[in-house]
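Okay, here we've got a single chain as structure tokens, the form predicted alone, with questions on binding and movement later.
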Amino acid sequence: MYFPTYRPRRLRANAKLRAMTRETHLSVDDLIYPLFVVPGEGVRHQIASMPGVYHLSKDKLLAECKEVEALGIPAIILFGLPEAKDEAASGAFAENGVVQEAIRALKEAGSELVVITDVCLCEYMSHGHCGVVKDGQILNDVTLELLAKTAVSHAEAGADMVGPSDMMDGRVKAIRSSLDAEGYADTPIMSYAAKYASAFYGPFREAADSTPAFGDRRTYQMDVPNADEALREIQLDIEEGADIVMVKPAMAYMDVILRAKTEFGYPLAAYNVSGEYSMVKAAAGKGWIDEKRIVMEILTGIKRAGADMILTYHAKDVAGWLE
């Protein structure tokens, strides 16, 4: 029997050979850890649908971030739950807002983490939508002013990067212009450029208390079947001044991640979202899957598709496993 000269199995024979010929390397430097900050003191409340993820008051956030930093994770992204909501999202840009206070506390404590902030209004709006609502319609251009105001307030508090996630048209340009005008030209923007109206966000709605009171977000977040449109969205955000672009969610959109990286060669983030996390946790809790192997395979796949960085609730576990 004759065999081809090249036998791929030769380089799979043992762990060292596999490591030497591995094409994709997942690193702790690739990870961004999402955190949910709430008012009060001494609060560390596990989110029921996201085991291992917590609502944290400022003091508990500081303790959590020390652990995150010790694990070598380079960055966090903060989501805030305010004490009160209104139809102007005033808590989003308040000087003493929950995120603004958390940023200051981290900086005063000497944290060297890259502090990224989610710039959106849904957590702060009484109706739960990402923009100003009038007669049942989400108003794009009026919302841009509030988003820009929120981004500036985060930069003033000391945020290292802002991440607009609202999917309003033109928001990157509005935020870039406002940051520059207020003296924050060096503050980068990580834009949620291709954010889909996905069912994978379910657990996050609980975590951020941001379920819309009426309708849904399909008039501004992307339609699930569309990929060419994602490239147009990403191109617009790059042209408007985004420094990093993001695809969200990750697992069902690896084709979009690949196309975005191939098309633009731009710094690219992918968000391994709450529903993706919760499904793994639920199956692992039942003993149906090997959690470590599954998580590492998922994140390696996201990296292989073209992501330079991954926002994931698995970050602490992964950092420990990689170490």
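One rule holds for the numbers: they count along the sequence shown, beginning at 1. Nothing here was measured: the structure is a model prediction, and the numbers come from that model.
The discussion below concerns the form predicted together with a small molecule, not included here.
For the candidate set 245, 162, 130, 172, a heavy atom within 4.5 Å of the small molecule in the model of the complex is found for exactly one residue, namely 130. Mapping the unseen interface onto this chain, residue 107 falls outside it, with no heavy atom inside 4.5 Å of the small molecule in the model of the complex. The closest non-hydrogen atom of residue 253 lies beyond 4.5 Å of the small molecule in the model of the complex.
Proximity of residue 221 to the small molecule in the model of the complex falls within the 4.5 Å heavy atom cutoff. Taking the partner from elsewhere, residue 205 is found to have a heavy atom lying within 4.5 Å of the small molecule in the model of the complex. You can rule out all but one of 197 to 205, 107 to 115, 131 to 139, 181 to 189: in the model of the complex, only 197 to 205 has residues with a heavy atom within 4.5 Å of the small molecule.
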